[in-house]
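We begin with a single chain expressed as structure tokens, specifically the form predicted alone.
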């Protein structure tokens, strides 16, 4: 059974690189089989179809962050510490998995409406729900604003890091700008965002 699991991971790794290089339509199952040095039948043993393999590649990219969000929700840290940890780890994760991050961004920009819906329902939904649950927990403790819905809070937290991931190659070269380290800039931008999520009267205490 161990060998089967390892082979499945090898197929995922090869498929991830090929999909990232050529897109979904530009990759055949035969090419994936050749890259992973297995038969097509072996791939179909692990993944029912090319689309199932593609979704597995994308879902796999979110596994570490889902573990983190579950851990954070079960912890007893203050909201600012929970959300700051999520933000920092999320930014690191985007870069650690830069191949699949770029693949997802390309899908969002270039894919059709049906592909976007598929990604939302099959890839993003569970991850987004975990982040929403963490923010609901923060609201229930009175540590973030209750007049802002958690959907937009979650989108803002994720969007901040996606922007940094995409724009950093240019940001770090802006003349006379203080963008020397991406993690430091991410922490500063998170702090600005977090202050906007604080309940009225709490902003000064976190200044």
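Since the model is a prediction, treat every value here as computed from it, not as a measurement. Numbering follows the first chain given and starts at 1.
The form predicted in complex with a further copy of the same chain exists for this protein as well; it is not shown, and the discussion that follows is about that form.
Asks: What is the one choice in 96, 125, 88, 136 with a heavy atom within 4.5 Å of a further copy of the same chain in the predicted bound form?
Replies: Comparing distances to a further copy of the same chain in the predicted bound form, the residue within 4.5 Å is 125.
Asks: Have a look at 53, 32, 153, 69 for me and say which one sits with a heavy atom within 4.5 Å of a further copy of the same chain in the predicted bound form.
Replies: Exactly one listed residue reaches within 4.5 Å, namely 153.
Asks: Can you say which of 160 to 168, 57 to 65, 23 to 31, 42 to 50 gets within 4.5 Å of a further copy of the same chain in the predicted bound form, counting heavy atoms only?
Replies: Of the stretches listed, the one contacting the partner is 160 to 168.
Asks: Can all three of 8, 12 and 131 be found with a heavy atom no more than 4.5 Å from a further copy of the same chain in the predicted bound form?
Replies: No, because 8, 12 and 131 lack any heavy atom that approaches a further copy of the same chain to within 4.5 Å in the predicted bound form.
Asks: So, in the predicted bound form, is residue 75 in contact with a further copy of the same chain at a 4.5 angstroms heavy atom limit?
Replies: Outside the cut-off, so no.
Asks: Indicate whether a further copy of the same chain has at least one heavy atom within 4.5 Å of a heavy atom of residue 18 in the predicted bound form.
Replies: Looking in the predicted bound form, residue contacts with a further copy of the same chain do not include residue 18, since no heavy atom lies within 4.5 Å.
Asks: Is residue 37 close to a further copy of the same chain in the predicted bound form, meaning a heavy atom pair under 4.5 Å apart or at it?
Replies: So residue 37 does not count as contacting a further copy of the same chain.
Asks: Please check if residue 92 has a heavy atom lying within 4.5 Å of any heavy atom of a further copy of the same chain in the predicted bound form.
Replies: Answer no; every heavy atom of residue 92 is more than 4.5 Å from a further copy of the same chain in the predicted bound form.
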